[in-house]
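Only one chain comes next, encoded as structure tokens, the form predicted alone.
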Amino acid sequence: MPDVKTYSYDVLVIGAGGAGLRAAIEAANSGVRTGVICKSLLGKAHTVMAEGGMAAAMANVDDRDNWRVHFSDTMRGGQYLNNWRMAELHAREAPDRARELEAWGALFDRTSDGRILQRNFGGHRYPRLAHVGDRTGLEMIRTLQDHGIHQGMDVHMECTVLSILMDGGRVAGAFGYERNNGEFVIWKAKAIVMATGGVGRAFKITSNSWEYSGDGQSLAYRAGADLMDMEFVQFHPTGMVWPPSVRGILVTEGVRGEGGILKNKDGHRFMFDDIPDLYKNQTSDSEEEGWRYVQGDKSARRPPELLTRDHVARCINREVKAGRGSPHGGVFLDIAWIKKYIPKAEDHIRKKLPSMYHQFKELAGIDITREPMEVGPTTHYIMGGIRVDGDSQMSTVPGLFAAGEVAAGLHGANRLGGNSLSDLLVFGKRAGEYAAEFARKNGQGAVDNGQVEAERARALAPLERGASGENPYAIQYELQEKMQELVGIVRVESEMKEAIEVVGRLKERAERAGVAGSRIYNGGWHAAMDLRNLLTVSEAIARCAVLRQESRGAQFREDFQSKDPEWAKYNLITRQDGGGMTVEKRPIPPMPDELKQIIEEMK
């Protein structure tokens, strides 16, 4: 096609965050021709926003830690809906991936004897997060990019993928466009690794940037891949709530890991009021014991602020709804209180949490070394995504792999903080390795020009309608409002069914979306292109959440407030069926006895 650029690769990686770069490094290093597509600029990845650290059981701070404890913590946090094979591989391989990153130049914080320092984090039994102050993700991306540029990969920046091109039942490439000039592109590929991240832009309040519009999940779904457990959306307990221009921006869990406490407007430390039975033997209701735990006392139990994210988010939500919140609709997160225990606490806080200090100073005019922060829950992460094989990371579509947040399985019903960064490295490497192997064993699939032409016509339709069409920004705004309101932290069947109806109406409006101008630097056109993906993942989230009639992990249903043992046996699978979306229960494969024994021992 004369007006469509064409590139050809063995392995094409869509997404250039931690998972995408690690996959590309592995593929390129194995000798296959590798291309990388990023929706924004190289280096502007959500991995950069992961501040607290990467979880790896290296036992540098507490020698009781090992992969078995990490595996057990991950399964418990995921309420045992996890892909147990992925949880096992992650726990076993994360230490090697951390040391590998160090060998490639990552500058971790250090213990007094020179090893990688590790900190406490919610849901982890021992100090396990290797970190670089509160800028760990930034250091990870810097290191991966610096290492990756020597592997010989091509990078296509500021490009949006519109569809996966298929040859029968397997992948043949991808079709999309360059965002700056609107020119269409075909990327031929023998294998594709999806590493596009999450879906946060389907919600009004989110820590996610504009790129997170559910592209990978939707592209894979339309190509015929299964999605899994899409109901499990994690609302991070602590995002900024003031001023309005920064609402939702992440406040790292590292603040609580360094001793930060949560209080309501009355100064009451409300997390003491609600400690789940599952964690009572590991959690202290004593201020002094909690502080000793933060400082590394092996005999102390954790403070309740370091419980799992879903629980902390619901507790904050409860305080706000009861009228005990902060002036701007959140609660208070106080790290300054540690001056009670630490001399020169201001210097300590600035050293341990430099990004948080500058973030609040510059954006909110607050000095966190002297006064508390206002925080509230923000849409942060999705545990569900593309269903993959635990070992190879290949989806149910031959040649289509996935790694990182876009892939389901590792985290089950709820992700533990810090597991995301090690997830990127462990499964990014595996996806790149197996994608390269697939590419070596399989030839290039044929690109269907009819499919390309159909996608091209669909992409141009909003420009042809012009300003007389539906406003894509208005459609996206209504979707975000309704998803936040109807499928948020606390859910009920009637509201979620309403959300499904809203999505249906918005789909019809999206088909009539129109934008003025040309394809060059046209933000309205970009927004119109994102709508199909946002609407697909929103429908999947709502349909799965309705079907799962229980509260588990990140899903809390007001009409089914308890966990149902029967539901612990199933993942929910979303797939296309005759053009419509179907959701069905799939039994979780039985866990090997040796892994069952580990979980029993750790209880």
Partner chain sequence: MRNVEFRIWRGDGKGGDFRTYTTGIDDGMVVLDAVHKIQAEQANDLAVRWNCKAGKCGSCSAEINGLPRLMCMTRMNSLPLDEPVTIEPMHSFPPIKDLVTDVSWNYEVKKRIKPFKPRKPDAADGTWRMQQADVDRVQEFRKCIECFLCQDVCHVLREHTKHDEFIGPRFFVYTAALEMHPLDTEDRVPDLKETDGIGYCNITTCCRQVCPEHITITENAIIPLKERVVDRYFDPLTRLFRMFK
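Numbering follows the first chain given and starts at 1. Worth saying up front: this structure is predicted, and the values here are computed from it rather than measured.
The same protein has a further form, the form predicted in complex with its partner chain, not shown here; the description that follows concerns it.
**Prompt:** its partner chain isn't shown here, but in the model of the complex, which of 62-70, 560-568, 34-42, 534-542 has heavy atoms within 4.5 Å of it?
**Reply:** Every other range fails; the passing one is 34-42.
**Message:** If we define contact as a non-hydrogen atom of the residue within 4.5 angstroms of the partner, is residue 524 a contact of its partner chain in the model of the complex?
**Reply:** Because a heavy atom of residue 524 falls inside 4.5 Å of its partner chain in the model of the complex, the answer is yes.
**Asked** Closest heavy atom of residue 146 to its partner chain in the model of the complex, within 4.5 Å or not?
**Response** The answer is yes: residue 146 has a heavy atom within 4.5 Å of its partner chain.
**Prompt:** Is residue 494 one of the residues lying within 4.5 Å of its partner chain in the model of the complex, judged by heavy atom distances?
**Reply:** Looking in the model of the complex, residue contacts with its partner chain do not include residue 494, since no heavy atom lies within 4.5 Å.
**Prompt:** Would residue 443 count as touching its partner chain in the model of the complex under a 4.5 Å heavy atom rule?
**Reply:** No, no contact at 4.5 Å.
**Message:** Whether 263, 414 and 594 jointly form a contact site for its partner chain in the model of the complex is the question; each needs a heavy atom within 4.5 Å.
**Reply:** Answer is no for this spot.
**in the model of the complex, the one of 298, 512, 150, 268 near its partner chain [non-hydrogen atom within 4.5 angstroms]** = The residue in contact is 150.
**Contact assignment for its partner chain in the model of the complex, among 242, 291, 80, 126, heavy atom within 4.5 Å** = None of the others qualify; the residue that does is 242.
**Interface residues of 469-490 toward its partner chain, as seen in the model of the complex [heavy atoms, 4.5 Å]** = If the 4.5 Å heavy-atom criterion is applied to its partner chain in the model of the complex, 469-490 yields 471, 472, 473, 477.
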